[in-house]
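So this one's two forms of a single chain, laid out as structure tokens and tagged structure 1 and structure 2.
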Structure 1
């Protein structure tokens, strides 16, 4: 847990970027207002986390999951955010699934390439053995002709 209340604040750079993206061009915000928004955002995150943790504890779990957060939003009377959060969660899951599939495909392709290289190496070794055998046979034939 944090030792000081300031340790619980969100990074100022992140808060500033979010504020700038939310405001129309040409609108400025004072340092004091930015600080107040930062503290409010930190309090909101802590409260949402605490509520979500209560749902996890009711489920006898130590790990918070997305459904705990969605339930917490409803309990905190932020129902209007539940649908956009669900949509964002689905988009995130699709993205992660796509990344996982791409990673698995890349691994399969790498394994195929390794297998092909090993087969080529095996063929080269077989060819080397065949060449050695032929040379030995030629030497034996030459020795027989000499005798």
Structure 2
């Protein structure tokens, strides 16, 4: 479907939201302007990628990394992006670390659970009775409050 790089567009709804939040309330944007901005964003990514790739090649690396992209921003005269991008990168790294730890924890819990479930099979009926009693107690409390 996308035959040329320039045809790879970013989702219109997201672009529109970013534009609206950047502009004051009550300001609108024409469809033509919005699609031109979307196209410009794609061109920006392509250009930034190309610049970043140059830095990667200079470093004799085959994989683009974050610092290549930051260097590309400076090369493209978008130095003002560098600081917010560095902050975003830090947050992203923390999130990735958190996700990794969470999934490792889930895995541990899952292993524990499968062991515990085998032991718990006999206890299920008892738990149901306990829940019914709790519900009755809650209803009683409500009646008292009304009075």
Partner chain sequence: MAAAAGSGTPREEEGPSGEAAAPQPQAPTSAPGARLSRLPLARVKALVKADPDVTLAGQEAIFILARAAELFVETIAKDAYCCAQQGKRKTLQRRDLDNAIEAVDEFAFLEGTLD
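Positions refer to the first chain, counted from 1. Because the structure is a prediction, the values reported are computed rather than measured. In this text, the rigid core denotes the largest set of C-alpha atoms whose superposition between the two forms falls within 1.5 Å.
J.: Could you point me to the form predicted alone, 1 or 2?
T.: Between the two, the form predicted alone is shown as structure 1, not structure 2.
J.: Rigid core aligned, does the Cα position of residue 26 differ by 2 Å or more between the two structures?
T.: Yes; that C-alpha moves by at least 2 Å between the two structures.
J.: Any CA movement of 2 Å or more for residue 109 between the two structures, core superposed?
T.: Shift of 2 Å or more: yes.
J.: I need the CA movement of residue 14 between the two structures once the rigid core is aligned, reported in Å.
T.: Displacement of the C-alpha, rigid core superposed: 3.4 Å.
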